[in-house]
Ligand code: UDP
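A lone chain, given as structure tokens: the form predicted on its own.
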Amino acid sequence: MRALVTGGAGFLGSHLCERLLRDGHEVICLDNFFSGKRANIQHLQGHPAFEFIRHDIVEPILLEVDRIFHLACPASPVHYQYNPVKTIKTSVMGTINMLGLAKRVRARILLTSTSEVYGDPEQHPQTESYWGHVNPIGVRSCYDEGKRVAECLMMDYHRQNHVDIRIVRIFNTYGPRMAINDGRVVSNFCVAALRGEDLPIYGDGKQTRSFAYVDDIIEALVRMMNAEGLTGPVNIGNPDEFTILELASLAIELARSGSKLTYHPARPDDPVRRRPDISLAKARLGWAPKIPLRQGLALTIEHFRKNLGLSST
């Protein structure tokens, strides 16, 4: 297969490019380096089946491909709130452009949507049939509503134009190649603990998240793209639920740090609980995450340790 990965120089995208090359596919990586980094794909540049194109998917592009993995969009609050208009344009116009390409060349297209479509959920855990509890005018809505519109576009192109689509809703993901300034809670805690700085807790720290290691998520994306007769959406995440305080404690322990916790006011529209029901992924994809948080977080901390130029002793 000839696969296009939008956002391919990002945290998730670069791991996906690696996996697709390992599976024997040709890969075209598309990125504008807004939140992705050249360093994430530098080691792939000499691969004969790998091609990189610097491009912003808000603008159309013509390519010949069999599969489109559409990942392009800043995914951390720090990045997506920096230019909220650009964020929603990326989700909406970028998805229209990728669907137009898929329609034209009859490619199968997979959208990485997000657990953020559930907002601050009133159903727990969240199933794919839950419509969500989202603030459409909040500071996070450029991302949340952008992804909800992207899902709508996917379904309408499928119903109206018979485009072969796949939709996954990804829950919190972490692992090597997260940016130091990513702004998400795992990277914030790992970097602060390694530097011996205070770990910031917003609210009481009892809000929960489910953390999935990047390799588990990539496996799910590949299985979803290869699945027949399943458009989605399908939840992809780890159903093990941890409080933010538990994550902070584990980060300090694994980093062998003397960091302390500091408490700050809760962030607006920050969900209180977030945990996926992955029954559908188990039944239809034969998928469930394998890597526990302690193991995955240890690998992630070593990645940050190297990036920060710190000794492991």
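Being a predicted model, the structure only gives us computed values, none of them experimental. Residue numbers run from 1 along the displayed sequence.
Heads up, the form predicted in complex with the ligand isn't pictured, but that's what we're talking about next.
Here the chain stands alone, but in the predicted complex its contact with the ligand, taken as any heavy atom within 4.5 Å, falls in 262-270 among 277-285, 262-270, 43-51, 61-69. Residue in contact with the ligand in the predicted complex (any heavy atom within 4.5 Å), chosen from Arg223, Arg108, His158, Arg184: Arg184. By the criterion of a heavy atom within 4.5 Å, Pro77 is counted among the residues contacting the ligand in the predicted complex.
At least one heavy atom of Tyr202 is located within 4.5 Å of the ligand in the predicted complex. Put simply, Leu254 is far from the ligand in the predicted complex: not one heavy atom of it is within 4.5 Å.
Interface residue remark: Ser141 is not counted as part of the site for the ligand in the predicted complex, having no heavy atom within 4.5 Å. Contact with the ligand in the predicted complex holds for none of Leu194, Ser249 and Thr300, as no heavy atom of theirs lies within 4.5 Å. Taking the ligand as it sits in the predicted complex, the stretch 215-249 comes within 4.5 angstroms of it through a non-hydrogen atom at just one residue, Ile244.
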